[in-house]
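Okay, so here's just one chain, in structure tokens, the form predicted alone.
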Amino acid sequence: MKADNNCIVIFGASGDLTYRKLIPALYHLYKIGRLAESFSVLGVARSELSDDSFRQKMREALIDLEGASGEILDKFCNHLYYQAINTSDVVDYAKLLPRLDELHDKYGTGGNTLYYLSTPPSLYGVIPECLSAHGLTTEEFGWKRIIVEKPFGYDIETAKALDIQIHKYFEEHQIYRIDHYLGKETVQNLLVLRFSNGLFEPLWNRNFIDYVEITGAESLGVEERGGYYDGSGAMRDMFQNHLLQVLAMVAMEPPAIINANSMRDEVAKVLHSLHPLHKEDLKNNLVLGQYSAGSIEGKPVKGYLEEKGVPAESNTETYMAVRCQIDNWRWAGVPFYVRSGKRMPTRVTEVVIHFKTTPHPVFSQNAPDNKLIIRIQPDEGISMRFGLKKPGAGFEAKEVSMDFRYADLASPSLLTAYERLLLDAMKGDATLFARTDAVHACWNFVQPILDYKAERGRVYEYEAGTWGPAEANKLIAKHGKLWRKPSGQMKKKV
């Protein structure tokens, strides 16, 4: 299904996200015929650029990142336009009126407009107010939608304040809070795996599942984002949005029907059911860490405190591990172990469902546990681990696997996360976008952790290239569990 005819207005169009992600995503959608036949892209930023210079800059990005060339590239770039304004000055937004009228008339887009805020968070409330002041949010002529990038607030209070500010000018059905993790094919496949297979859904509960493990690991450090990251940390950067959303997709109940409202209702229910972590809980169920100098793949890397833009005395966490519980019928008593860190041995995001062992190990005291591994990135796929007889005499059980990898498909046609989410926003499908109540539920769960960390003021050190501080192993080992140590490829033993 194609997107509606529309004009896509990208605020912050001279920035890195537009160059690396948004324009390549729109180009690929155009190339495979998923964009509307009539569309335009208007880049908006402070930098003084002409239409031609903006097109040339984006052309270079597409050649460099996508290997684009030929007639398709030329035709796509002809749909790109640019308008320089001071995005903090309400008066300057008057320049958008004639440009948008011109583009809607030229392409017959009927006033349909998608605003994308690829800007610093300080402008998330300013831009909607300025657009409204010039009548650019009204849906009298065509729909108006706004995509807001994370972070959506810095804590529960700022998240609520930002919601109030945006809702003055846009209704909830117009607001699309983007989390690119939810655009990943394997995250969505969680739902299909569970709800379309009679094999898995009967087992997806406290009676058969021992514990759930969610890992979001990166081998990179903070790179050139030290100043930004130091004010964020792993709890805000990964856990509060990405990993809690993945947890909700794993744990949610079957929706009555597959549409945005039903799906997001079930996600919100899970997030509201998270067992609150009070100060005493956090002493035993939370580990925070910060990487020191080490090596990854044989190459030496700096410690966090040596990174550009990071204060010498910073205690910002680059690693977090937490034990969560969900207070509902399905999951009562099943722990969810969630961890995320920078400078890990490899880049990998995955969910592991650890099933309960057999009540009586007939063949071997060391029989392998059953595991379902859902690899979100990289090398997206699913692996089922179970025991079979080891060749030879006796009945010793050995772990074997049944694997599926998207890369093995004859003609994989996967959309990237940004491609999928941009397309959904243009179609008006909010299923994979966060709703206000879900955002607040995430912050309500995370806020006590942030408060505890601010009061406690200590993070554990771990060497770059390892799987985090030793205390994280103790966190899970004291309950008789183990963290997995995955590799980056599903073909290897992960």
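One rule holds for the numbers: they count along the sequence shown, beginning at 1. Note that the coordinates shown come from a computational prediction; the quantities given were computed from them, not determined experimentally.
This next part talks about the form predicted in complex with 6-O-phosphono-beta-D-glucopyranose (BG6), which is not shown.
When 6-O-phosphono-beta-D-glucopyranose (BG6) is considered in the predicted bound form, only one residue from 99, 269, 242, 144 comes within 4.5 Å through any heavy atom, namely 242.
Only one of 420, 180, 354, 177 lies close to 6-O-phosphono-beta-D-glucopyranose (BG6) in the predicted bound form, with a heavy atom inside 4.5 Å, and it is 180. The stretch among 234-242, 304-312, 116-124, 278-286 whose residues place heavy atoms within 4.5 Å of 6-O-phosphono-beta-D-glucopyranose (BG6) in the predicted bound form is 234-242. With respect to 6-O-phosphono-beta-D-glucopyranose (BG6) in the predicted bound form, the three residues 150, 225 and 377 uniformly fall within 4.5 angstroms at the level of their nearest heavy atom.
With a 4.5 Å cutoff on heavy atoms, residue 347 counts as touching 6-O-phosphono-beta-D-glucopyranose (BG6) in the predicted bound form. Among residues of the shown chain, residue 218 is one whose heavy atoms approach 6-O-phosphono-beta-D-glucopyranose (BG6) to within 4.5 Å in the predicted bound form. Although the partner is absent here, residue 339 sits far enough away that none of its heavy atoms falls within 4.5 Å of 6-O-phosphono-beta-D-glucopyranose (BG6) in the predicted bound form.
At a distance threshold of 4.5 angstroms between non-hydrogen atoms, residue 343 is out of contact with 6-O-phosphono-beta-D-glucopyranose (BG6) in the predicted bound form.
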